[in-house]
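Just one chain follows, in the form predicted alone, and it is written as structure tokens.
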Amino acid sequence: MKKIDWYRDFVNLKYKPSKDDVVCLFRFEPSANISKTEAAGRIASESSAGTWTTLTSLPRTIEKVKARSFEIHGNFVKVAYPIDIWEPANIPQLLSGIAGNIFGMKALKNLKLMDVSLPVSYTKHFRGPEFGIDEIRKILKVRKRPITGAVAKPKIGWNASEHAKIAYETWMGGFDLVKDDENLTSIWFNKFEQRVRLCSKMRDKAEKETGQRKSALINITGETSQMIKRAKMLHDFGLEYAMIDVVTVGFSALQTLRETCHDYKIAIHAHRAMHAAFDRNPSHGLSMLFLAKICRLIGVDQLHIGTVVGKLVGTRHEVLDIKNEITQDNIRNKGSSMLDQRWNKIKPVLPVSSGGIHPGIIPDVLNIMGTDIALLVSGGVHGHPNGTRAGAMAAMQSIEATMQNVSLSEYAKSHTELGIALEKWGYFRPQ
């Protein structure tokens, strides 16, 4: 019987990746009666130049366009892809290969793309973040402490006028930023345009009264041409940020908006809504590390990564790996879950910790994440018994105590707002 498939031709355990190869790390589980070698071959084949059967004729370039599974350890396989098969600056095309048909193959029970190592020959075509962490700090005039922000809660329901008043109270409590949540765009009782106008007016008032810089993360998420118009409006009203739900809009739209935001010199705050549909299953899908890396490559300035101790999934190990990936210049392989990455001239992204934070657990977050982050405290601000302004003050007091290495219970003796917050929430960790 003639040979039917050629999957094993895509496995070469002696292959040494070149400096220009795109290398992916997959966690994989073969289906019944499929060996690990056969499964590894299918991953490399289906994501590059292969098909299910042998072919009568092949192009002369076949050896230059084949991916190769070159290292198999337990349930992990590394696959090298020649740079020649990737169009410069085309993230959708990259994902159509390394995160495309392979996830639907019957020969694989489970498959998870853990990481990708992108060569300089690929990353050089991308802008990366417009500002980076240092420039964001300069814009907001915040030197050492975490940058602070809060969503108006409940996340949807307030009209534009009410929303702006909540924003004002948040700023007056000491916070730097107010933020829309992921599902607030432009709805009949809270239109985007009206929210921009009113929040800008209240921002100016808060800045004048406090002498501090204030800004807003207003959600422009929508159809791509609509997002471009909304970004222009933010610029026209002197706002420094555009918030985008980067997963739901898609990376093609994000690339387009990155260029728009470059033209207007505004930062991108990346909300990761829908990420867990891809990354929560430990055996199948895409890792949040991978999604974060793509966001840094395209060029967001701030990205939600989790809290460890808040209400959202993400272990300490996972969250810190993501933080390191988006903030460090050079990443060295850490065991079986990460690959090397040289970011070259691409700036770092400000990590955003959010989801179930209140003053009682702020020390835990800062002890894990450090202070070079953005800290979003929302329900833990607006749920304060004395209101939003007092809630923001309590959160700021918790940050101050932590940075001064003073216990919250001790600091609360002379800071009423913090004391009241601890009476309500204590050190409860939401789930």
Ligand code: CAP
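These numbers come from a predicted model, not from an experiment. Each residue number is its position in the shown sequence, starting from 1.
The form predicted in complex with the named molecule exists for this protein as well; it is not shown, and the discussion that follows is about that form.
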| query | With the cut-off set at 4.5 Å between non-hydrogen atoms, does G379 touch the named molecule in the model of the complex? | reply | yes
| said: Residue-level question: is R230 within 4.5 Å of the named molecule in the model of the complex, judged on heavy atoms? | reply: no
| task | Considering only heavy atoms, tell me if H163 and the named molecule come within 4.5 Å of each other in the model of the complex. | result | no
| Might G306 be said to contact the named molecule in the model of the complex, defining contact as any heavy atom within 4.5 Å? | yes
| task | Would you mind picking the one in S215, S354, T221, S287 that has a heavy atom within 4.5 Å of the named molecule in the model of the complex? | result | S354
| task | Name the single residue among E130, D321, D181, D176 that comes within 4.5 Å of the named molecule in the model of the complex, judging by heavy atoms. | result | D181
| task | With the named molecule left out here, work out from 75-83, 93-101, 266-274, 290-298 which stretch has heavy atoms within 4.5 Å of it in the model of the complex. | result | 266-274
| note | Across 135-152, the residues having a non-hydrogen atom within 4.5 Å of the named molecule in the model of the complex turn out to be V151
